[in-house]
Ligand SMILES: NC(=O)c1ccc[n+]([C@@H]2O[C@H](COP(=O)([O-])OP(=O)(O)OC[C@H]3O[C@@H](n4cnc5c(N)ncnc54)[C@H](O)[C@@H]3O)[C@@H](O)[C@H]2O)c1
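Taking the form predicted on its own, here's one chain by itself in structure tokens.
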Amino acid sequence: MRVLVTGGAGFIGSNLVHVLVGQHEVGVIDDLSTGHAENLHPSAWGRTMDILDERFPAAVAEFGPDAVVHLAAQSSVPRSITDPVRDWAVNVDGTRTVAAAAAAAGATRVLSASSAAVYGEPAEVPLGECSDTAPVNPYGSSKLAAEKALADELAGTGVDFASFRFSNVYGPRQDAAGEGGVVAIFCAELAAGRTPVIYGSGEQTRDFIYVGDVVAAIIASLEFTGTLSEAEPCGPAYNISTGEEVSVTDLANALRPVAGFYAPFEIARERAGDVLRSSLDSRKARAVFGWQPRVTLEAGLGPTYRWFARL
């Protein structure tokens, strides 16, 4: 199988590419705005290019993918608030462009990264794919619109597709200064000998999923022989998550023995656009293409911290 990964020099993308190489023919398109050249696999075909570049469709056609995994995105909630126009352009217009280019190049499946942010502030958790979507920040709104853009662009083309609503992904190669979530930020601060900051009460919860589990979900869905876009409930939407709520305070406490840090964390006022609770039910992915998360938070924090500390 020929698999093209947009954003293949980024956090999730590079972890995916390094597993795919050797199993499939792999191509990467990344503009290196948030990805890193050192993440690129030497055996993967590659082009340095923005997905909004007018040359992008020709580059996709040049590689000729059987499947496209679309991970390139504007993934910072704070940046989506300060520059919502760019956020929309990359996440919505970019997704539409990727879908159209994939179909024109003869791909038969497109997997696109969405986010738990599409749900907004839930009344109860864990959330299923059919739960109400009410984003509370521009990033969540753009990711929800990107799901519709993907479906609209590929309707009637015969190209199968899915939008993967990732919960809070963490692991090696994450960039604490870019798309990094709280795990990456805490690890980077601790590895540098600085005291991490908890914004808000620390009781806000997230559903932390290790990047290796996310990679396994993508590969399982690439190899699935059925139709992803028509599976019930709620068609092409799939939660990729653990279904477990972990508070930021509990995360901090879990990191203490890993990093050998036992002093108090700093506390600061909560940030605009942050939801209080988040947890996603991923049973649909297990039922449709046989994936389930396997790495516990305790098991995943070790290799993540060691990567940041370069131990």
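Heads up: residue numbers just count along the shown sequence, starting at 1. Remember, predicted model here, so these are calculated numbers, not experimental data.
We do not show the form predicted in complex with the ligand, though everything after this point is about it.
Interface residue remark: V69 is not counted as part of the site for the ligand in the predicted bound form, having no heavy atom within 4.5 Å. In the predicted bound form, the ligand sits within 4.5 Å of a heavy atom of F166.
None of the heavy atoms of S279 is located within 4.5 Å of the ligand in the predicted bound form. Using a 4.5 angstroms limit between non-hydrogen atoms, V246 is distant from the ligand in the predicted bound form. Annotated contact segment (heavy atom within 4.5 Å of the ligand in the predicted bound form): 112-120, selected among 190-198, 129-137, 228-236, 112-120. The contact residue chosen from S141, T205, S221, Q174 relative to the ligand in the predicted bound form is Q174, the criterion being a non-hydrogen atom within 4.5 angstroms. Interface residue among A259, A61, M49, A254 relative to the ligand in the predicted bound form, by the heavy atom within 4.5 Å criterion: M49. Residues G7, A9, G10, F11, I12, G13 are the members of 1-20 with a non-hydrogen atom no more than 4.5 angstroms from the ligand in the predicted bound form.
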